[in-house]
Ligand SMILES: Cc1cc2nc3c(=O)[nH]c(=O)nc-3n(C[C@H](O)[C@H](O)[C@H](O)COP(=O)(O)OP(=O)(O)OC[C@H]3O[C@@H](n4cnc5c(N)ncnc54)[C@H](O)[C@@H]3O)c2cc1C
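What follows is a single chain, given as structure tokens, in the form predicted on its own.
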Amino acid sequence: MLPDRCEVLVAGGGPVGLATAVELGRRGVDCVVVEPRTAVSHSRPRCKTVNVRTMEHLRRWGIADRLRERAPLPVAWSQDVVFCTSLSGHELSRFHGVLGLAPEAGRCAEPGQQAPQYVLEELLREVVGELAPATLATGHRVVALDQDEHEVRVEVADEAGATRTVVADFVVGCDGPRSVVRARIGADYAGEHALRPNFGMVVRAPDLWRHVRHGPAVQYWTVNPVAPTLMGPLDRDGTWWVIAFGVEREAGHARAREVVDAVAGVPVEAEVLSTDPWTARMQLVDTARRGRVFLAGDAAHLNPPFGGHGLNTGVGDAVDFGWKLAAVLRGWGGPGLLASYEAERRPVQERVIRAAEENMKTLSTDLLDDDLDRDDAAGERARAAAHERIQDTKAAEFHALDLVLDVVHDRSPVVAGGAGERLPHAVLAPGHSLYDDLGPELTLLVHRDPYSAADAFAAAARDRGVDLRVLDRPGAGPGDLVLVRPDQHVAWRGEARPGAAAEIIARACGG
């Protein structure tokens, strides 16, 4: 299964590594994903939110509907987050249209999707298997690597410990917080650990729904002294994920059933299927590149899970890096493309870490009040105060489309003309997005004009060896041109100038 040589070796076959392989494999790049796990575990669901931007990438890959078909909770099932004293207790506050599940009309091509990480990961494994240039080598792990200016030599071990060397043109480290690739290139995290522990669980409690007073929701934040938690359903059949805030590992194992009963507000039959103690980390690697080796996903950045940004930021890394590396390997991408990876992604990663850290400042433990469950005037006052605080401090966590969609690569060396933003989505017909018409490489959006600007850009693209698709731009004025990259970000916008096309194409392609 392991070749002796490949164009790109991806260390780590989680969602980010697999997304990298999909982006590369769809572009004909010979890539190998090295992953120790032979099967995807369902015991720890990790990320539960596939955000609107990731869903737009899945749409571009032709697999958004496949994910939705497998997701245990359809988008229409619920778009609410509820704060309550317990599932059977008093409601404190509520948010509607959360996490991009009901996005503003016309703002994005796909709504978000609640799905356990393992559902996405299993789908991406299948898709990698369907791509002829891509290979998923499970039961193997990267143990060492070294590089020179021409290649990277990667030592890979199998389950028995036997090693062999695979030679790659480039390596992408998507091997998580304990990344071997990061250590081997001498990169390190900078940032902080949170001091407060958390205890994650997956529980099976089929009768729990009978006690839920607050209707369907994708998240329930329970606020009581025994079980200040964040929890939600993994399916509609009684499987739940629970995060107990401020609970150490030993106490979590000892008190797991007590926590479940307190979350419910009544004793319930429940089976603890798995546990996952953790602490939040707000860390960013000091460099995401050494020569021919790059880092993406958790190997490059870590943030608290509040807001659901971690996996999605990693998929954004994979897309940004993937098309650029494919362009370089196919000859139309210049050195500036690879240099732009950190320039474009680091500001995004920093922004996400800051937002997730801000979201972490108010958790269920911070909302406790002795009067919240009282059925009297004191209880009403306490619940009203909690509602006001929740609305003031948590709205940004659940309504973060600006953070997700308004990404502008204004520090990038490969954009010009005040560009860099994601191309605004446009509905051209029911079920038909402007994004569906974009080309796999560069796209020029034009309004028919008398200067034949499109011809000049097409000629410049041919000289460069890059495919350029030309589309009429709805609503554009004469001479108003927009050059769009493979990741749907704008590389340049402006009016046609004689002789400028070659310069603009060259910059978008990395020089």
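What you see is a predicted model, and the numbers here were worked out from it, not measured in a lab. Start at 1 and count along the sequence shown; that's the residue number.
Below: the form predicted in complex with the named molecule, not depicted.
- Across the proposed site, Pro36, Thr49 and Leu311 without exception bring a heavy atom within 4.5 Å of the named molecule in the predicted bound form.
- With the named molecule left out of view, the stretch that reaches within 4.5 Å of it through heavy atoms in the predicted bound form is, among 261-269, 206-214, 421-429, 137-145, 137-145.
- Think of it this way: in the predicted bound form, the named molecule has a heavy atom of just one of Ala382, Ala109, Val180, Ala187 within 4.5 Å, and the residue is Val180.
- For the candidate set Gly176, Pro133, Gly252, Gly232, a heavy atom within 4.5 Å of the named molecule in the predicted bound form is found for exactly one residue, namely Gly176.
- Not displayed here, the named molecule is approached by Gly297 to within 4.5 Å at the level of heavy atoms in the predicted bound form.
- Shown alone here, Ile243 lies within 4.5 Å of the named molecule in the predicted bound form, counting heavy atoms only.
- Put simply, Ser88 is far from the named molecule in the predicted bound form: not one heavy atom of it is within 4.5 Å.
- Put simply, Gly25 is far from the named molecule in the predicted bound form: not one heavy atom of it is within 4.5 Å.
- Contacts between 12-45 and the named molecule, taken as any heavy atom within 4.5 Å in the predicted bound form, involve Gly12, Gly13, Gly14, Pro15, Val16, Gly17, Val34, Glu35, Pro36, Arg37.
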